[in-house]
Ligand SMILES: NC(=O)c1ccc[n+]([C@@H]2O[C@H](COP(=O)([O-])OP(=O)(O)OC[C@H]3O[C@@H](n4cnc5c(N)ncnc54)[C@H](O)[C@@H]3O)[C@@H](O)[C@H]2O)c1
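Okay, so here's just one chain, in structure tokens, the form predicted alone.
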């Protein structure tokens, strides 16, 4: 069922992993897609896959922490499609560093891409949506790390927690314009991305041991949640976070009594 036919989307970080899966799922549901990524040639490869599904597609090389680049991205999407109905803020970086050893550049990079990038993209697209006057959808990709702390992830977890609150504030501000803003929070998801190192087998085993469904997530699990929030079925859902984690965030299996 083409629930998104006639709709247009920008997916940041769309060249690999979750972003690629989201872009392709939106195309399957009928959307035209701009694939935006700091890896421009790789974004174009995904755009070609979108076209192979019979949808219009564009690619754009962008650093989401650069306001001028983000503005150019949105202008290019409007030129390509006429308007933007959906923004998926998926671009993000991660990295482990303890507080005592962390360099300032590590903190700044993660906050710049994950949180500032979310702000810049949301602001630019929301301005276009408000000016057009026909509403829209923004879906932010957070993480279970935004609600579940772990050692060595103070920068990453803080950025993802910030995205959760940013989502809620935007929902309050933009709802009157017919724009819904929600977030999807993946748990450990094995993306098969060529540009992101997978977690160690020991970490995977420990994490899955706390997942009631007994497995790691897949990119299609996350893409399905994004597609739902973009669909007519989610028209009255606003300011919410859907954790796609097999029940991991519900509690801890190791604590019983």
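Residue numbers count along the first chain shown, from 1. All values derive from a computational prediction rather than experimental measurement.
The protein also exists as the form predicted in complex with the ligand; that form is not presented, and the subsequent description refers to it.
Within 4.5 Å of the ligand in the predicted complex, a heavy atom is found for none of 137, 170 and 229. Of the stretches 75 to 83, 183 to 191, 128 to 136, 99 to 107, only 183 to 191 has residues with a heavy atom within 4.5 Å of the ligand in the predicted complex. Scanning 155, 120, 179, 113 against the ligand in the predicted complex with a 4.5 Å heavy atom cut-off leaves one residue, 113. A single residue from the set 38, 211, 224, 69 has any heavy atom within 4.5 angstroms of the ligand in the predicted complex; that residue is 38. Using a 4.5 angstroms limit between non-hydrogen atoms, residue 57 is distant from the ligand in the predicted complex. Proximity of residue 64 to the ligand in the predicted complex: non-hydrogen atoms within 4.5 Å are present. In the predicted complex, the ligand stays beyond 4.5 Å of every heavy atom belonging to residue 87. In the predicted complex, at least one heavy atom of residue 93 sits within 4.5 Å of the ligand.
Contacts to the ligand in the predicted complex (heavy atom within 4.5 Å) from stretch 134 to 172: 141, 142, 143, 156, 160.
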